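First, one chain by itself in structure tokens, the form predicted on its own.
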Amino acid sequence: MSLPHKFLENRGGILYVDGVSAIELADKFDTPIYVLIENRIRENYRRLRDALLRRYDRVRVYYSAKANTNLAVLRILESEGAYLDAVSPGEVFLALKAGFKPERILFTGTSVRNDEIRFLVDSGVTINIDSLSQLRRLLSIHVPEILSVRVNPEVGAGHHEHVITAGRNSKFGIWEADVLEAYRIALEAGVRRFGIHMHIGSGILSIEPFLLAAEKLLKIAGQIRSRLGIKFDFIDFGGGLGVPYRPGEKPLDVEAFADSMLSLFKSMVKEYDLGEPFFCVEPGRYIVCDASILLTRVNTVKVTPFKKFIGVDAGFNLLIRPAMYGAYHHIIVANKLDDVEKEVYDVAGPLCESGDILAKDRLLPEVHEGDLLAILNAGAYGFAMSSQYNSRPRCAEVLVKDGRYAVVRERENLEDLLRGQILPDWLKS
């Protein structure tokens, strides 16, 4: 069986994750369980960073923390020199706890409350404005030394309509007609340094949408330069770099991406006299997606006149992407990698929901109760979007590296379901 990268190995029909047996992890820590691969996270980050730095020496790679906020993941990337893109005060809090300095954190939120703005100001992070309302409220609280504006470049893309974050129907960013006004307001209030930002969507595997949006953003930056005299400290092109989920899908050509984007960037920066801004990108999925798998145990095999179901102990409470986006995650039988794939199954979770199906019509080896399935590419928006739906405690997370492993998030138990709940006096017996 072909596995997607070198940190997933077939040893005698058993899946090993960077030198650790998947069966050993499942037996020791129970299932379901997320397994994170430190070396793959580092490899993915370095591949992108180095491709960019070979073409331009002023580069910042902001990790998009919403993909996976496990403290170990954040610490790994902090140690690599990454910057961080946060979309909530909670992500800022976790980033600071992981060791990120405030100046390496960019906050890009939407519908931001005033108390959240005060928290961001007190934290000392750079704020990326999403609306004129947010701008005015920020300036009434504090005038920062540096400020960025998120522009809606009217170009959106992504693997599903829910992850397209620019264009006419998007709630994100400031429309082009209002961008100049935003910078004018900030300049008149006393802001002295500026960035500019966009983000068009998620899971994009072709270069063209990035180039279209980047050209539009750089033209807008040029207009701001000519009319207000602003030079930019950084120009941030957002995230959205996709990864292949299905076998046979081609990955994004990172060298071609770097070549095309930086060629356009350097040309237009010179054309519009934009100075020497940092070139910034915000990958999340690209860095962590294939650096984690979800191990889940088969507890039921059910045959009907129409279907064969594999019932497992992980549902969309732990991996919601198939139910929410119709997303595909490749699934392998971790203890039968050498067996012939000859049966077609639907893989179903334990939730009381008809939509709790992790995979449909998958060709797998003959599966029996007790077998161990590995759901691949689960590192992005897996645990980060998990819940206690159906009153099911969330699972543990384990980090592996070079044959070693450590728990980096403890499994919740039934008592954790009570955390924060309080019965009012009139309901107490």
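These figures come from a predicted structure and were not determined experimentally. Residue numbers run from 1 along the displayed sequence.
Beyond what is shown, the protein has a form predicted in complex with a small molecule; the following relates to that form.
Asker: Of Arg104, Lys216, Arg321, Arg75, which residue is found within 4.5 angstroms of the small molecule in the predicted bound form when only non-hydrogen atoms are counted?
Answerer: Spelling it out, the residue with a heavy atom inside the cut-off is Arg321.
Asker: Since exactly one of Ser202, Ser292, Asn152, Ser148 fits, which has a heavy atom within 4.5 Å of the small molecule in the predicted bound form?
Answerer: If I apply the 4.5 Å criterion carefully, the residue I get is Ser202.
Asker: Within 4.5 angstroms, counting heavy atoms, which one of the listed stretches 284-292, 187-195, 250-258, 346-354 is next to the small molecule in the predicted bound form?
Answerer: Single hit among the candidates: 284-292.
Asker: Is it the case in the predicted bound form that Pro32, Asn317 and Ser386 each bring at least one heavy atom within 4.5 Å of the small molecule?
Answerer: Spot residues vs the small molecule: no contact at all.
Asker: Report yes if any heavy atom of Gly239 sits within 4.5 Å of a heavy atom of the small molecule in the predicted bound form; otherwise report no.
Answerer: Flag for Gly239 set to yes.
Asker: Flag Arg392 as yes or no: does it have a non-hydrogen atom within 4.5 angstroms of any non-hydrogen atom of the small molecule in the predicted bound form?
Answerer: Outside the cut-off, so no.
Asker: Answer yes if any heavy atom of Gln134 is within 4.5 Å of a heavy atom of the small molecule in the predicted bound form; otherwise answer no.
Answerer: Heavy-atom contact with the small molecule at 4.5 Å: absent for Gln134.
Asker: In the predicted bound form, does Arg60 come within 4.5 Å of the small molecule, counting heavy atoms only?
Answerer: Output for Arg60 is no: heavy atoms all beyond 4.5 Å of the small molecule.
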